[in-house]
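Encoded as structure tokens, the following chain is the form predicted on its own, with no partner shown.
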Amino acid sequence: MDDIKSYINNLRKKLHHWAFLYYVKNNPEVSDMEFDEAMEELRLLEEKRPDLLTIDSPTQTIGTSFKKYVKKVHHLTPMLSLNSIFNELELIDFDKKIKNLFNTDKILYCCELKFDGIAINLIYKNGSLIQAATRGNGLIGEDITDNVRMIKSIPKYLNTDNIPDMLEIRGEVLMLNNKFTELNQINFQEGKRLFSNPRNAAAGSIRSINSDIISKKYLAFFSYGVGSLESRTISFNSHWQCLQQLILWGIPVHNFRYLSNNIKDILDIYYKACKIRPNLNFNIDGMVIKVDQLKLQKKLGSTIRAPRWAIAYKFQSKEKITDLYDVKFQVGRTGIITPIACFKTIEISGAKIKNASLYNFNEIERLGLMLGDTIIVQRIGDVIPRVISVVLYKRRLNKVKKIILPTHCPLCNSFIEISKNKIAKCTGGIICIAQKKESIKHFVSYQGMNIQGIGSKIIDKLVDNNLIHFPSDLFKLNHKILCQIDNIGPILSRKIILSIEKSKSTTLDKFLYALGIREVGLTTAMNLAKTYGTLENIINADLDSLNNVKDVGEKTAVYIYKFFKNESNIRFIEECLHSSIGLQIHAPL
């Protein structure tokens, strides 16, 4: 699958929506596990297509908005997340990059368990616990001090006289597995909502006003390091030394921790973690490997979201055998057609799976896949389902048929073009109902025109009922048109109309992003807006000029140039800017 932008944008929109419901509305629509799986899927897709990465992607931010009434506190230093790896080759690559950078074969690593809980930040002033907060967005977290004070394993005061003036401790709050079962039994008897997993329960409990849950030893805490340290007498040279000092202060640190400068030994430690996993009374989902020397950590630095000196080695994904009974063809916003494998439902790591993307026809040919085949499906990183191979010895027992790529779009019957690398694309453009719907959904997205109240289902109905045909038609919607759609009453209609009116005043970068120009994400849109200042200047820009814009490569420059040389695109822009619509585009902030 060459152009997966539509799928990625939908996934981002879904994650933003779930995060808003969870953090702001206090009304989660999905479990923490489902949210985490979708987030990991997005990260892996962006890793596969870094050209589609945008700065506002959920993978580039930590956390989301907060509830209005929740007290917010600042961390002394940023509280970052971790990048993940899933196999030995990625571990070897991580080690090789660091050793090449420092031109040495002797980099010492500290290996620890990766806890599957809720990351929190503790601040001790002169040895006394004065503040506790969730990770939040990495800079600001929710104040959970009162609840954390009731967790038995977190000391209110540090041991010994040798204590720092200010100390910021990072760690994880976990719901113990036996207590999770007990809590759900109580909730069931009392008719309350059941938690889906211990991590979900820990997240709910740490924010709960029900102090009973916390005080009855439902929650445990383990520290994995220090954020900020202010002291005239205490300093650390290594992460290992830091952990040892935390233990002396009375801070819980799990005893699974090892030092090694040998990848073979680190792999043995990893398999040791896999072995002890079933015997723990809390959940882990991998092992964390950190460069031990703090000076080297500082030199390696961090991205906006994760340190470069640490990696989370996730546990291996599981595989299941099933039968392929169909391949359907999904049309994206830009017309790219993606084959989707449909197979008998299987369950991997608690998730039921019946579909997997086959990306493009190259993948089908690589696998030698045929309808009726027995296949092996794997969840990459325990998240993304993928067909990894065909069980060939069973083929002689099955009735199989060749998978044939359609010559015409399954939705609009337009001709399908196939590129040299077997990428199939519908030529229907806006007449293709799938492309039409997806372009409108992209246009109204939070990153684009930010028209609230119009979700995917409403757009589907508006298009299916021939009430809108182009994104610009959204500006012509009124109460009479909206009320023709089921489940849209006067209140929702008024909300949508107000949001449309509000969206008519937007910035140049958001409007450029909303246009859906191929390869133009938010970062590129912002760079274009800053470089040219006005929409007219961008429309009139030549290829040489576009090539000189920051982060715009030759291919993207061609896409931008061709977009603004297309008469129908210019007509669409003019319609948006028409006085009857009154769209006002301002310079970016």
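Just count from 1 along the sequence shown to find any residue number. Please read all numbers here as calculations on a predicted model, not as lab measurements.
Just so you know, the form predicted together with ligand IVH exists too; it's not on screen, but the next bit is about it.
Remark: Tyr224 counts among the residues lining ligand IVH in the model of the complex, judged by a heavy atom distance of 4.5 Å or less. Although the partner is absent from this view, Tyr109 stays clear of ligand IVH in the model of the complex, with no non-hydrogen atom inside 4.5 angstroms.
Using a 4.5 angstroms limit between non-hydrogen atoms, Tyr313 is distant from ligand IVH in the model of the complex. Not displayed here, ligand IVH is kept clear of Glu168 by more than 4.5 Å at the level of heavy atoms in the model of the complex. Note on the interface: of 425-433, 301-309, 461-469, 504-512, the segment with non-hydrogen atoms within 4.5 angstroms of ligand IVH in the model of the complex is 301-309.
This chain is displayed alone, yet in the model of the complex one of Leu91, Leu80, Leu176, Leu367 has a heavy atom within 4.5 Å of ligand IVH; that residue is Leu80. For the residues Ala132, Leu246, Ile517, Val288, the 4.5 Å heavy atom test against ligand IVH in the model of the complex is passed only by Val288.
If you take 146-174 and check each residue for a heavy atom within 4.5 Å of ligand IVH in the model of the complex, you get just Glu172.
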